Every structure is written in C-alpha cells, then in structure tokens.
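Single chain ahead, by itself, as structure tokens, in the form predicted alone.
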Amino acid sequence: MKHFLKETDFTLQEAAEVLAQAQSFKKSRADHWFPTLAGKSWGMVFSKSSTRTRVSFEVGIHELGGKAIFLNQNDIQLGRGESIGDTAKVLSRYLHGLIVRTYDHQDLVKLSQDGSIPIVNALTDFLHPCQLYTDVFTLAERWATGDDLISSLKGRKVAFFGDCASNVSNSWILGANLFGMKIALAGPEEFAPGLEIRELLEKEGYGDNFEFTTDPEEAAKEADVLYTDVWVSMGKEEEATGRIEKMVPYAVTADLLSLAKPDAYFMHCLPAYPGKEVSQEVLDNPRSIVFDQAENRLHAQKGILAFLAQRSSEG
C-alpha cells in the first residue's frame, strides 16, 4: 500500500508526476472536474486545528468527486481508549483513504502499518510533507520554462530562518535533498536540526546534506528563496517568551531580503505574525508569494490524493 508520510515516500519520478498533475488540476479547475475519487470516502482525522489544511483537503476531495468525513480530536479516540492499531483496522473497513493531522509522527506510522488504506500526513510535529510539495510546486511554476517542473528546482538555494528543528524546516531539509536543491538554515544553536532528521537523511542516503549557521546574513547570501515559519508552533505555547527572545535576530526583514538574489522570493506557510518572524514590509513586498502558496495547497494535495488513489486501485 502506498502512503505519503514523508517527502521521500515518493520517488523523484513519482514526485514529478504529482506536481504535473497538480499543474493540470490548477489549469483546468474552472473547466471541468476530475472524478478521480468518485464513489470514494476519505477520512480526515485532525488532532490539531487548521484553516488551510482542512479547507484545502475538503474542497480537493469534493472536486475529485469524493466524500470527505471530518473527525476532530473529540470525535475519535486516536490512541486514547482504543489502540492506534485497532483504529486503523476499523477505519480501513469504512474508508478508502485517511488524512491525518496530529502530534506524534509515530502514530501516523502505526496507522499505516496496521491499516489497509492510503495514509496522508497532513502535519505532524516531525514533518509537513504536503506543505513542502506545495512550496516546490509554487516555485517550479515560476521557474520552469516548459513542462519539466522538477528540473527548474535543481541547484536552487533555499534559506530557512528561525526554528530549524521544526516540522517545516525538517521537511525542507528532506525535500531539498529529494529535489536536488540547496538548503541553508539559520537560527539559535539550541534550535539546530535535530537527531531525528539527521538519522532520516542518513537512512535515505543523503547524509547531513544541509548547512546550519547562527548567522542569518550568511544563510541569506545568494538565496533564491527566503523562508520562515512561526516561532511558537502549536503545542509550544508555554515556551513562547523564551523562544521569541532568542529568535529576534532571525526575523526576515527587508535588509535580510536584500542579501538574497535580486529576484529571490519570500515564502511562509502561514499564519504569519508581522513584527515577529517577518516584517510587514516583506509580507507586502511583490516578491512575497505567501498567498500563492496557500492557494496551491489545494492543487498540490489534489495531485497527491489522485496519485495515491490510482496506485491503490492498481493493487
């Protein structure tokens, strides 16, 4: 059974197919629908609240002809009262696929091991692969000169600022290696990429193929993209004061953006907090493509769902 728990669950060729499908869905959205999920019911198990993730997946499933069944943490006993394994087996008897947004990445792995339907990682504390595929699609549609989206990514430098041990930074480290991009991360030493992502890179055959520095200006030099995320992720609220104090030097400002390439883009997976991780001036800059990212969650995720549905039907 094919799952999408991490970026490298798809080969580079499969990732190219997903992005090409996303591009096709985006171009043809106003003309007709693609009933790839016709007659199918996909569950959405969310232990964490969301705006973009929930709406984009529900609309995407609907536009692919399927039925979305939303279950928040109060609706389902994921690991509480019933084992994760039993939950996976039961839901596999009802549904054709499952989208999960939760805290512990290993809960997702357990669901995929014990269930018999495709599982999609809609975010865990470790990785956010749907966001990463959305981001590279958003960049590739700007950089590609033809239909080959993947080639346009190769060799491009992404600079990530702030919490470099977060799920989004981990996904960028893994995803940059998959797509042949360069990744430089800048943040406080105690927020450097952790052992878990290093071990995963080693397992996937990449090694420690990224740069980490405590100097934000060094990371920004010659970057094609400047990227940041919130300094206080969901579940880390009790650390807010200490985190914010340490992260201040890593805010993306106009001065930092000026150190990147003249045509560099600014990206943020949203929600953003102007005056903290990014200045309002940068958010309003024409090179800020944050709302294009938000829109493309719909198209990239439709590409992922369609690919998984096809593979599931094949065997």
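Being a predicted model, the structure only gives us computed values, none of them experimental. All residue numbers refer to positions in the sequence shown, first residue = 1.
Omitted from view is the form predicted together with a small molecule, to which the following refers.
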| property | result |
| --- | --- |
| Proximity to the small molecule in the model of the complex (heavy atom, within 4.5 Å), stretch among 137-145, 167-175, 67-75, 213-221 | 167-175 |
| Residue among 259, 270, 283, 59 with a heavy atom within 4.5 Å of the small molecule in the model of the complex | 270 |
| The small molecule: the contacting residue among 233, 83, 113, 152 in the model of the complex [heavy atom, 4.5 Å] | 233 |
| Contact label in the model of the complex: residue 123 to the small molecule, heavy atom within 4.5 Å | yes |
| 4.5 Å heavy atom contact, residue 107 to the small molecule in the model of the complex | no |
